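So this first bit is one chain, no partners, the form predicted alone, shown in structure tokens.
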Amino acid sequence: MSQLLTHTFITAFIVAWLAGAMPLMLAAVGETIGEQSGVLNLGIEGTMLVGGYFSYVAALHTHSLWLGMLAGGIMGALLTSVLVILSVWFGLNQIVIGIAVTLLGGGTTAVLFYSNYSQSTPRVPPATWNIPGLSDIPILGKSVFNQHGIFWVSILLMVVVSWLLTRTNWGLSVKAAGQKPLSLDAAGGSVMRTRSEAELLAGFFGGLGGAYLALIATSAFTPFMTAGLGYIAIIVTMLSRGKIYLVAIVALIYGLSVASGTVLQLTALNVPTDLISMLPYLVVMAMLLVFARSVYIPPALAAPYTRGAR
């Protein structure tokens, strides 16, 4: 047991904790933006897979984790545009379209992966951007431009989203679109434009979550590697009541349960591997049961809106 208290192990535990929490946190932040505007995206699982695959391909070819993350976010937003067009613009059922997006994302990435990397799965190298002069500044340093920098930029992006939702007119419009879209329309705002902008931003964050999972947490991509993480992001969003800091807390609890599974495997306790694999999901189910009465759903969530309709 004493080997669990070494500096090396504690460092590895913290890294595993954050690696387990960050993909969920990014995806849940995106889902929070979308749900606050009244759009339920059940396709976030497919969005994460698309973001993970294309970030992996981009990082392999450019040797840049940053370009890989950007590619993942863009492709996540691109896939989410299917939901925007069919559900937001044409008013089709968000649940049905969301499931279709998940199937599309999962199936497409699996086919592409087996077609291009069926013989071997190269790992993404921890590439950096060595910018002359800028990389030598002590405060910045080269670590800012590698995977550690990606972690801090991801945190900064979530802080910016929290500020946008709580301190800006755009955030007020997003919340109005999810709570009383008729009032937003009467005030001169556009429900369709607001929901489209919010959902595309949500897709970008979903793609970032998948990219973080592929590039930082595992350094590789495997088909269906999210294993339900997108659906957990939806639960986290509903538990967090639209507050980004609560999204972060719940995601950190999930990441802690993931890292704790590794600890259990290293102890002398004879814990079945299947039970260890189930631990993060059991923790999420327990939180859902305990805080079920606190779950908040915007009144207009998943309800199509047509201007002038009563």
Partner chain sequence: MAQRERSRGKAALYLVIRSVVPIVLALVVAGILMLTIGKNPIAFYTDVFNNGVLGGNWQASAVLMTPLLLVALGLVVVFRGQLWNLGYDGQFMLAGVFVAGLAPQMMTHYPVWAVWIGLTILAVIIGASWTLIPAWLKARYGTNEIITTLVMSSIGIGLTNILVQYFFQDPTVAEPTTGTMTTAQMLPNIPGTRIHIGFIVAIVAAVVLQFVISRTSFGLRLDIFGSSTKAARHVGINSTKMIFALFIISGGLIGLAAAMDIFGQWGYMRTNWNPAYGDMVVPFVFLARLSPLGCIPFIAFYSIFSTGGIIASQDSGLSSKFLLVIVALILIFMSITEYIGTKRDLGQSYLPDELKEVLRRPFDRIASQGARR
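Numbering follows the first chain given and starts at 1. Note that the structure is a prediction, hence the values are computed from the model and not measured.
Just so you know, the form predicted in complex with the partner chain exists too; it's not on screen, but the next bit is about it.
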property: Interface membership of S190, the partner chain in the model of the complex, 4.5 Å heavy atom rule; result: yes
property: Y231 within 4.5 Å of the partner chain in the model of the complex, heavy atoms; result: yes
property: W152: touches the partner chain in the model of the complex, heavy atom cutoff 4.5 angstroms; result: no
property: Touches the partner chain in the model of the complex: M238 (any heavy atom, 4.5 Å); result: yes
property: Residue (of L172, I99, L182, L78) lying close to the partner chain in the model of the complex, criterion heavy atoms within 4.5 Å; result: I99
property: Segment assignment from 246-254, 59-67, 280-288, 22-30: heavy atom within 4.5 Å of the partner chain in the model of the complex; result: 280-288
property: Partner contacts in the model of the complex for 72-98 (non-hydrogen atom within 4.5 angstroms of the partner chain); result: V82, L86, W89, F90, L92, N93, I95, V96, I97
